[in-house]
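Here you get one chain, nothing else, as C-alpha cells; it is the form predicted alone.
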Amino acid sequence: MNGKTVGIVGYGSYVPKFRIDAEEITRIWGEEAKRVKEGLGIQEKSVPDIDEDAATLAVEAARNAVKHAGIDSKEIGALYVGSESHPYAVKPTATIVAEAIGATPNLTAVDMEFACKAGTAAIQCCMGMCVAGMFKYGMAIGSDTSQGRPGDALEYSAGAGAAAFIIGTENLVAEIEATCSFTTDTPDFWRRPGADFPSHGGRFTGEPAYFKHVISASKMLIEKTGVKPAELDYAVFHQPNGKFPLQAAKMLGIPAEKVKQGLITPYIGNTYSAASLLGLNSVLDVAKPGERILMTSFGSGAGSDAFLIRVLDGIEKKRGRARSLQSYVDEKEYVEYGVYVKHRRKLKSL
C-alpha cells in the first residue's frame, strides 16, 4: 500500500459459552418456525451471559489480541469499535475497551457503526493511519450482541461474539495486500432510534443487498490485484446464515472447501460486526505462511469491504499465545428458551 507494508500484528476472539439449540427455538414457535430454521443452515447460536454486552465482549477479544501480538498496549495509538449493539447511545464503547486493556490516554478512540461491516471499516481506518505514520499500532474491533424479535427469523441467527485486530507496519503475522469497498443506498435492514429490535426486508436482503455487494466488492478486488480465485487458499465472507457464504463462493468460482474453515455461523450464529472477522480468525488459526485469504464483509444499508491477505512467517511464532477461536466454539453450555429470553432481556413491559 503506497509502497509500505501494512497488515495484522495480532488478533483475538471471544465468544460467550452459552448456546441455544435451533430446535429449542423451534419448539417454542412451531411448524412455521421450523421451515424458517431449515432455510438458514444454523445448528445453534451463542448467547451472552446476563452481564455481558458488546463492550465486555470487545474487552476480552482485545486482551487476546494484545497477548497474541506480544506488544505493550500503550503503543496502540487508535482504537475503533464497530458494533450495532453498543451498550450506550451516548457514551463510547471504545473508551471502555482502551481503559480495560491499559492503553495510554494519548490515543484516538471512537465507536463505529455500519451494520455488520463496521469492524472491517475500522481495519481500513487503522491501515491508512498506520501507513501515514500517525502511530505505531491501531486496534480494530467488531463486537455485537445481536438482536432478534421473538419469533422472527433473526432469532435463529442473531448470536454474540467479538474479534479484535492489531494493525501495524512491522512484526506482522499477515500482510493486507489490498482492500476496496462497494457501497450503495440499499435499505434491506434497519433499526430506528428507540426500537428494541431491527426490521428487515425479508427476501430483499439476499439478491439486491448481500449478493450484489459481496460479489461486486470481491470482483473489484480480484480485478485490482490480478489474483485469480484458483490462487486463493481460503475465502471468508460475511455470514448472516450458513448458506449465503457458500452461494457467494460458487458465484465467484471459489470451491466450497476454501470457505468451510471460516464458516462458523452454523455453530455460534451471526455475530454481526464480528461475523466475517471471526471467520478470518478461524482461518488464521490454521493458515500457513504464503497462503492467501480473501475476506469480504457486508453491512446492510449497504456495503462491503474486501481484503486480500497474505499469511507471513511471523504467524508461526505467535501461535498459541492466546486462546484460539475454536476453543471458544467448543466450550459451551446449553440453555432453554426461558433462560435465553432472560439473558437477552426480551421481556418488555407494556
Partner chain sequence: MTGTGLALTWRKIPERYNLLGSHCDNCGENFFPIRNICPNCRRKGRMGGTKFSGKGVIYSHTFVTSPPTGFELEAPYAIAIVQLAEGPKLTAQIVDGDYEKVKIGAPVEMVFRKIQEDGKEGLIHYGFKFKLI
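This is a predicted model, so every value here is computed, not measured. Numbering follows the first chain given and starts at 1.
The same protein also exists as the form predicted together with its partner chain; that form is not shown, yet it is the one meant from here on.
Here is the short version: of 231, 170, 99, 72, the single residue with a heavy atom within 4.5 Å of its partner chain in the predicted complex is 99. Think of it this way: in the predicted complex, its partner chain has a heavy atom of just one of 283, 325, 59, 295 within 4.5 Å, and the residue is 59. Site residues 14, 49 and 63 are all in contact with its partner chain in the predicted complex, judged by any heavy atom within 4.5 Å. Its partner chain is not shown here, but in the predicted complex it comes within 4.5 Å of a heavy atom of residue 18.
None of the heavy atoms of residue 44 is located within 4.5 Å of its partner chain in the predicted complex. Heavy atoms of residue 53 reach within 4.5 Å of its partner chain in the predicted complex, making it an interface residue.
The closest heavy atom approach of residue 211 to its partner chain in the predicted complex falls outside 4.5 Å. Listed stretches are 266-274, 176-184, 118-126, 80-88; the contact stretch with its partner chain in the predicted complex is 80-88, by a heavy atom cutoff of 4.5 Å. Contacts between stretch 317-333 and its partner chain, counted in the predicted complex as any heavy atom lying within 4.5 Å, involve 323, 331, 333, listed in sequence order.
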